[in-house]
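Let's start with one chain on its own, the form predicted on its own, as structure tokens.
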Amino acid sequence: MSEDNQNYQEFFFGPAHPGSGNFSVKLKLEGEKIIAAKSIPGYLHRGFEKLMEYRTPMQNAVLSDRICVFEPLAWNLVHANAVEELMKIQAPERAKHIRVILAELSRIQSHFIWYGALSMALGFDTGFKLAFGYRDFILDVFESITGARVYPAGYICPGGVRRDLPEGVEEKILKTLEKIDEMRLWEELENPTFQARTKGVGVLKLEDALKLGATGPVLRASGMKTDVRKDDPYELYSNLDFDIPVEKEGDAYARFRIGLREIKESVKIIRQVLKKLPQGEIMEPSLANLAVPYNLPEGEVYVRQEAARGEAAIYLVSDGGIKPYRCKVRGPSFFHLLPVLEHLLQGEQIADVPVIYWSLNHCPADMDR
């Protein structure tokens, strides 16, 4: 094709699910070089925000699972905290401990998916199989606690958690963490091809990351030490000892390194919380009967947390009824898959599109809510 006396070709990456996770990018090519990229979202739009206006908070706890299939428990927690802040209540201490354990296990298994998807994009089958194999150990724990392996049916809900930990699950969690500790071997499994395909590829400078709205691991890989768990603590995080991994290169390899380092910090957090796990109630008494609807106080709240992919937030408005008047979800993937991805692809080679794309640790479902 010709435009402004310049020859170019158009090429689509996605929206076939195995390649792009129900997302598409329109690429303008000059030979093998990308001269422009246009993200095309919308393939997974399900209208969560509107659906929540027709449901009670306990029903929305279940709906929040679906915001991002990769980390449903993280979204359970954001939604629960938003309702609790609006109602000016807090979950019991035991429930807070259980929530943090599950939130960090969710972060770990989400990073496994990230590592596996990036490995798949590189043709590194060993990394893909290792990642999803280790993730399965965590899904076993989720099944023991919530009754489900992927969607926990709103296990973390306003007021606490739906049921207590089953007998013996604490030991099961510790054994799972021991398996995850073997991850140090993963770094030894790296090969020259993996590094050649990721180092210096998709470089996101810090000033661009800030300007384009990057958060979470993507922002930390570009050199900014920030994490909502430290900057604006919630649940138990102000009393826990953990580090915020930071890399400075801002390339696909740095983002990969952030994921590995964050898994180790999450293991550290879970072990601390298990040692401090108190006995007691798991649900705020006024919300103990999950089947009975209750009125939300009139007002509005904005709650943000650190999900695996970055800053996750919910803006909740109530007019005093049993259902929210308005619910706005702010997911981390929206900026990563639109302005950040378009910026990173410009000037890169077409062979590097899958690597850059999956290095951003995104979730199309979270963006298309």
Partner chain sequence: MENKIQEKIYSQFGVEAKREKQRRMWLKIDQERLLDLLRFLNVLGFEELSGLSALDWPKQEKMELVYHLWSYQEKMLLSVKTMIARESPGIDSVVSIWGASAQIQEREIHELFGIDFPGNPDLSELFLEDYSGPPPFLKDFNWRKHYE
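Positions refer to the first chain, counted from 1. Please read these numbers as outputs of a predicted model, since none were measured by experiment.
Below, we turn to the form predicted in complex with its partner chain, even though it does not appear here.
- This chain lacks the partner; the member of Gly213, Pro245, Gly116, Gly223 within 4.5 angstroms of its partner chain in the model of the complex by a non-hydrogen atom is Gly213.
- Contact check at 4.5 Å (heavy atoms) against its partner chain in the model of the complex: none of Gly31, Val203 and Leu344 pass.
- Residue contact check for Ala37: none of its heavy atoms lie within 4.5 Å of its partner chain in the model of the complex.
- A residue is said to contact a partner when one of its heavy atoms sits within 4.5 Å of a partner heavy atom; Gly321 fails this definition for its partner chain in the model of the complex, lying far away.
- The shortest heavy atom separation between Gly123 and its partner chain in the model of the complex exceeds 4.5 Å.
- In the model of the complex, its partner chain sits beyond 4.5 Å of every heavy atom of Glu170.
- Look at 294-302, 260-268, 93-101, 273-281: in the model of the complex, residues with non-hydrogen atoms within 4.5 angstroms of its partner chain sit in 294-302.
- Counting a residue when any of its non-hydrogen atoms is within 4.5 Å of its partner chain in the model of the complex, the one hit in 74-89 is Glu85.
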